[in-house]
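This document opens with one chain alone, in structure tokens, the form predicted on its own.
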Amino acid sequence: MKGSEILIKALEAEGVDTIFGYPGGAIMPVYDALYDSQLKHILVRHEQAAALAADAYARVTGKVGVCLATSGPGATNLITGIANAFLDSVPMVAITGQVPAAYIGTDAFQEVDIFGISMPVVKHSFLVRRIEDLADTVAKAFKIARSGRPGPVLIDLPKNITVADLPNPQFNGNQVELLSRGEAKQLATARAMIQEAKKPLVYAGGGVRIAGATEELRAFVEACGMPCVTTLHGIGSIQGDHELCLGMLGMHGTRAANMAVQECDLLIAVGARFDDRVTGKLAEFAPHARVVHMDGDPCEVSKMRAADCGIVGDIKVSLNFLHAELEIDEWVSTCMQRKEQFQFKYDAPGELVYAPSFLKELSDRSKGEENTIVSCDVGQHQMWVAQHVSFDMPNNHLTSGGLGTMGFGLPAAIGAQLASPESRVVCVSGDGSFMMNVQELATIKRYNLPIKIVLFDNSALGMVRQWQELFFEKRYSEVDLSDNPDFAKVADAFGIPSFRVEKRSEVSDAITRILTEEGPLFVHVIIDTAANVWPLVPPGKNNSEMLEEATV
């Protein structure tokens, strides 16, 4: 078999069925082998989109996402998507073509050291030097990507390897390293701390989704009867409308969630990493609390905040050992009163569309038999989705957390729709982010993916503009996007049906079309340039010092 054929067979041995990529010279032998394979290849229109789509495909399916690109610029264009997967702990294998081994280091056409470039943002990088190692390298890459704390792995494949021949190659796929449960002594200590607490609080992060521990977290919360807050990536780990869910905490978290964190006496961090967007001023985060920190990655425990009890291992297994009957009615009552008192209001004045209200109505009306997945880009609309859309499962909320990648939303929607064809997939984007990967409208059209795109257009880089308003004396520097194209016409040019929404009175009919029309649909929603995301914890402040619109 040729090296290119060995690669395809090795991918099939790992259970791969879908690959996202873009061809080129150095990777061309692999594309020739793809011609006769059963693998489904999705041709994106930019390599960054291949990596981001593979990322979302992995989040939705729980499998390893795979992307493919040629050498040089093809490989470097993958880097942002690879870094996105690295910071959000998403299993991915990125395969890049490389110039023939004899030319490496000679500045050959389309040669870059992608092995070296990728090292800070992957779990591991491979440069295949012998065809005899190829199948085993693929198996190792998948094992590394999915084991422990998941993440991306790069395989750099010189062209001479893909065209070489090898008799009788062997394939050994589907190896995975399982996490053990937490140490019994630590679990016993944590359970005692839970029983002693008067104001305990669960702080659930993206590790809950990664561990497949959603049901176990919910069972733990309900058995203990304690309130729960979530990170951006923890959204959906407990149902958004669950009575004990206080919402997202942190910079744009709910007031009820942030006040609970600042007052609790025990903080149980489950698959969370005390990110700066969550903690605000770290030294004043949860100042009265002892900390139980549960995580599959030992490097995260006590990294940012010293844990009084650290539990390293499989969250899914460990949570089942911590159920306890607690007498915390007064604490729960206080949290619930605040949840009611500080719930979001949707009666903003004016005729223009109010984005939070649009999203709340879309969320409420989309609940039902059809599963809805929402992917979003980065910026104000991302925070509005987190605040105002209720999710029942964490896999249904696709967002770029650690890297904050503008342009994530459209490729992620493509990956999600291919991962779950029966689901309704809605991409929520902003006029700034959308232009980052606008070319992927062609991919949606090519494969006739029934993705619904909601573009909030405020003619500005909204989040940057908001910060310049609040913290830079309204010195608005390079945030004006008033020369945007007519996005509805842009969608039409790609062959995607579109319409424009300018007034609040048009919102209900627009949502009806989103929920009922078959095939792709583009909704261009005009919103107020001055609209801001509230509440907001200013930089350098603790989470109790939230700004509201009325206080600015």
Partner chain sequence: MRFTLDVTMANTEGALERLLGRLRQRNFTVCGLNANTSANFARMDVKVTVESTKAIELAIKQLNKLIDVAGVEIRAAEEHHPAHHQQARPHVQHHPERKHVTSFEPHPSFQSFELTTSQIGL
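Computed from a predicted structure; not experimentally measured. Positions refer to the first chain, counted from 1.
Keep in mind the form predicted together with the partner chain is missing from the figure; the text below concerns it.
- The shortest heavy atom separation between E284 and the partner chain in the predicted complex exceeds 4.5 Å.
- Although the partner is absent from this view, H124 contacts the partner chain in the predicted complex, with a non-hydrogen atom inside 4.5 angstroms.
- Looking at C299, you'd find a heavy atom of it within 4.5 angstroms of the partner chain in the predicted complex.
- The partner chain is not shown here, and in the predicted complex it never comes within 4.5 Å of any heavy atom of W467.
- Judged against the partner chain in the predicted complex with a 4.5 angstroms heavy atom cut-off, the residues F115, R129 and R149 are in contact without exception.
- Among the residues A184, M119, A192, A306, the one placing a heavy atom within 4.5 Å of the partner chain in the predicted complex is M119.
- A heavy atom within 4.5 Å of the partner chain in the predicted complex is found for one listed residue only; from L322, L244, A256, I144, this is I144.
- The chain is drawn here without the partner chain; in the predicted complex, the stretch among 420 to 428, 290 to 298, 205 to 213, 382 to 390 whose residues come within 4.5 Å of it by any heavy atom is 290 to 298.
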